[in-house]
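Take a look at this one chain, the form predicted alone, written out in C-alpha cells.
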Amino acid sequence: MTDSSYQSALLAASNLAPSHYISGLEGGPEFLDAVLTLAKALKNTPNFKELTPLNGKILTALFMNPSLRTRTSFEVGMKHLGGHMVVLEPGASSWAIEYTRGAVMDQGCAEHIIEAAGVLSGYSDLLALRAFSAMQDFDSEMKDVPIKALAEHSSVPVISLESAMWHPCQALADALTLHEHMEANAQPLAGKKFTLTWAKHPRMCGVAVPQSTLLMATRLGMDVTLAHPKEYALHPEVMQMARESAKHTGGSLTLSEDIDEACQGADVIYAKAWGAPCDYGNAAHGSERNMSYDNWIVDEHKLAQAQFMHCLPVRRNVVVTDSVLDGPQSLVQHQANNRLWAQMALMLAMTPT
C-alpha cells in the first residue's frame, strides 16, 4: 500500500463523514465501506506513524463506565495519529453530568450537558462518550438520551464509545475482521452463515453489542441467524432495520430459539450475553434467569467448523469454553487488535480539517 493509496482512502472517507457517529448507521453503507478501506490502508502503510495527520488535534472522551479495549485503543490510536486524548470520568475525575432537558438539579449532578458540551467542544476537535444502559427501564434507555444530548449541544463531531442502544466502534472492528478473514481465504462475505447467539451470564448485560452486531452482519450481506431464548428479544426497531438491511444487501435473517440448531452449518459464531427486557429493573431475577439456560454456551460441539467471535471481556466457561476461546478458530484477538485500526480510520474521517 502506497502513501497515495492511503491519501485517496482518507479523502474518500472524509468526504462522506457524517456530523456525528452514534449508531454506526450514519453516512450509510458508503461511509462504512470508506472507513473500512481507510483502516486497511493504514494497516498497510508502514510509515503511517510518521504522517501524524492529527497533529495538534484533541479528542475529549467522557467515560461513565469501565473500559479496557475502547479506552486504550482510542488513546493509543490518537497518539499514533499525532493527536492527544483527554479522558474525563463524570462523577469521579469530573463533575457528574445531568443529560435530561428541564431537569431540576437538586440531587447529585452538578453539571448539565448543555454547558459541558459547549465548554468541551470549545476545547476539542472531537468529543466521545461511553454511557451504558443502567438496566432499569428498557424502553426509556433505548432512547439513548446521554449520547444524543451530547451531540445536540456539541459544536464538533461526537463519536459513541458505546451507549445503551449501540456499540458502533465494536461493529466497525468486527466488520474489518470479517473482511480480512474472508479475503485471506479468498471467500466472499455474502452468503456466509453468521450466527449471533445469546449466551448465559451471571450478570445482566446491555443490548448495545448484539444490536450493532446484528446490523453489521446484515449490512455485509451475510445469511444471519439470531438465536436467543424467547425472553431475550432485541429492540423491535433494530429487528426491523436488520430485516430491511438483509433484504437490501441480498442476505437473510432467521430467528431461532435453539442454539444447537442455530449453530449448525455456521461459518461464523458470534456469542454475546444480554439481559431480557422484561428483567430491566430487577437485576437479581435477571441474573437468575440468565444462568437457568445451561445449554447456551459455545463449546467445541457447537463450533464445529465455524470461526468464533466475541467482543470481550468474556466469561470463560460460562459464555464460551476455554477450548473454543483458545483454539485456532477463535478470532477474538484479531477483533480486539482491529479496534485500533478501525477507530484510527474513524477518527481520521471524523476530525474536521
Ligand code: CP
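Residues carry their position along the shown sequence, with the first being 1. The structure presented is a predicted model; accordingly, all values stated were derived computationally and were not measured.
Not on display, but discussed next: the form predicted together with phosphoric acid mono(formamide)ester (CP).
None of the heavy atoms of Ala304 is located within 4.5 Å of phosphoric acid mono(formamide)ester (CP) in the model of the complex. Phosphoric acid mono(formamide)ester (CP) is not drawn, but in the model of the complex it has a heavy atom within 4.5 Å of Gln170. Put simply, Pro313 is close to phosphoric acid mono(formamide)ester (CP) in the model of the complex: some heavy atom of it is within 4.5 Å. Using a 4.5 angstroms threshold between heavy atoms, Glu162 counts as touching phosphoric acid mono(formamide)ester (CP) in the model of the complex. Residues placing heavy atoms within 4.5 Å of phosphoric acid mono(formamide)ester (CP) in the model of the complex fall in a single listed stretch, namely 60-68, out of 60-68, 282-290, 24-32, 43-51. Checked against phosphoric acid mono(formamide)ester (CP) in the model of the complex, the residues Lys192, His228, Arg130, Arg219 give one hit for a heavy atom within 4.5 Å, which is Arg130. Residue Arg339 is the sole member of 321-342 found to place a heavy atom within 4.5 Å of phosphoric acid mono(formamide)ester (CP) in the model of the complex.
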